[in-house]
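Take a look at this single chain in structure tokens; it is the form predicted alone.
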Amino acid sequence: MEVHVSNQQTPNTGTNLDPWYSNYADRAAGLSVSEVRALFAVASRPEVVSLAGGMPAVSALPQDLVVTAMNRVMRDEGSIALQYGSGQGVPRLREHILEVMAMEGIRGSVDDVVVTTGSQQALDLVTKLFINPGDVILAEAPSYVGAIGVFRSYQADIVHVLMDDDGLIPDALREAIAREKSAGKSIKFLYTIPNFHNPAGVTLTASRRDEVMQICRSEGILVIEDNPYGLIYFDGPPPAPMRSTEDEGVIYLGSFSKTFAPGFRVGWAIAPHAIREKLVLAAESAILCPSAFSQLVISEYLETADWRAQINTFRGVYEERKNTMLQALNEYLPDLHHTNPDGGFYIWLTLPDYLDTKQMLPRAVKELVAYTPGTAFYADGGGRNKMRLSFCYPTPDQIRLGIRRLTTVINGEIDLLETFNATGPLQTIRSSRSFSAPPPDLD
């Protein structure tokens, strides 16, 4: 009997956990559980003070306003609300979106707006339209963890650009562009969160906005301006959005998640004409159409409620919580650098270089406090001595308790390092440390 031996290699098989492992597309390798989402299971435990998730304080939104809007929609427009709709979104809501953006100086027409399932979907659609594997996306260092996840899923090369307390550094942007272009890379867009940055909490100054736009315009680089927090300011509104002065070079992303409620999952994009047409086609291929029910409820709310006053209420709630967190940080961790946001949800805390916030997280959970490690916000593994603290969801009393517990965690981590590093560079830790010991946690 003649035996034929094939030269072909046996294809990769699955695993015990996933028999279809070898069948996935290459881009599936970019999908991973974010450190933020992984924290939600822990943070939802009632005994844990969560300073981790960026969950809005929906308790500050009167439920009767929402119920009334929902009832009216079902009574007057139920057959429309429960039906398929336009892939671009309900025109009535798009008109309201223009009113919302006008508060920040952005002008446009109803046809310019594309409604999406949260601004996260808008970000996904834009990335799908522009990114081939290996293309470069410029993003601040640090950057929004949800954006990093999207960019990785489309196999983009994420190049971080340094920022400071005044936002993205223009000279660092120039250097990054020159470096990537000299390497023959294709830079598709700059992704930026200019207002009350997530996670850094800083705001890009007006002069830097102009300079960043000039750089991107001269280099032919599209700007993705993500602005979910722009109306959540404390002392005064931030500088005008880049989209307000530049129509053709900016795609602007907005959301009702922070100014109304995230559960309705309604966001939007306003884009140059040609891009907008492709966004609509991409949205239709992904979901056919956004939820008509959610759009009509938000439209009803915007028409019948004093939504501007409600945003003022949210501002007051968040400013009180921010001030509480700053007071606690200055009392218990006075030597650590942190940002002081003028709005939004987040404070960015920098620990000594020898501490690793990701490794420290299990100790924090044991002490019943949660935060988001800095590594979640870098595509290159940076930010190990950083953490994001969210003041939006916990009450002021919970925030003070959480910072007290966090101080215990940090001091405990330093003591542990001292114990196991009796010699070497960590010898100076104790002499240089001046963190306040918190009072006993009697709560």
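Note that residue numbering follows the sequence shown and begins at 1. Not measured: the values here are computed from a predicted model.
Although not depicted, the form predicted in complex with another copy of the chain is the subject of the following passage.
Partner contact region in the model of the complex: 78-86, out of 78-86, 163-171, 194-202, 336-344, criterion any non-hydrogen atom within 4.5 Å of another copy of the chain. Contact annotation for Gly134: none of its heavy atoms lies within 4.5 Å of another copy of the chain in the model of the complex. Among residues of the shown chain, Pro290 is one whose heavy atoms approach another copy of the chain to within 4.5 Å in the model of the complex. When contacts are judged by a 4.5 Å heavy atom cut-off, Arg363 does not count as touching another copy of the chain in the model of the complex. Using a 4.5 Å cutoff between non-hydrogen atoms, Arg243 does not count as a contact of another copy of the chain in the model of the complex. Across the proposed site, Thr127, Phe264 and Ile275 without exception bring a heavy atom within 4.5 Å of another copy of the chain in the model of the complex. Put simply, of Ala286, Ile215, Val110, Ile311 only one has a heavy atom within 4.5 Å of another copy of the chain in the model of the complex, and it is Ala286. Put simply, of Asn227, Thr117, Thr324, Ser299 only one has a heavy atom within 4.5 Å of another copy of the chain in the model of the complex, and it is Thr117.
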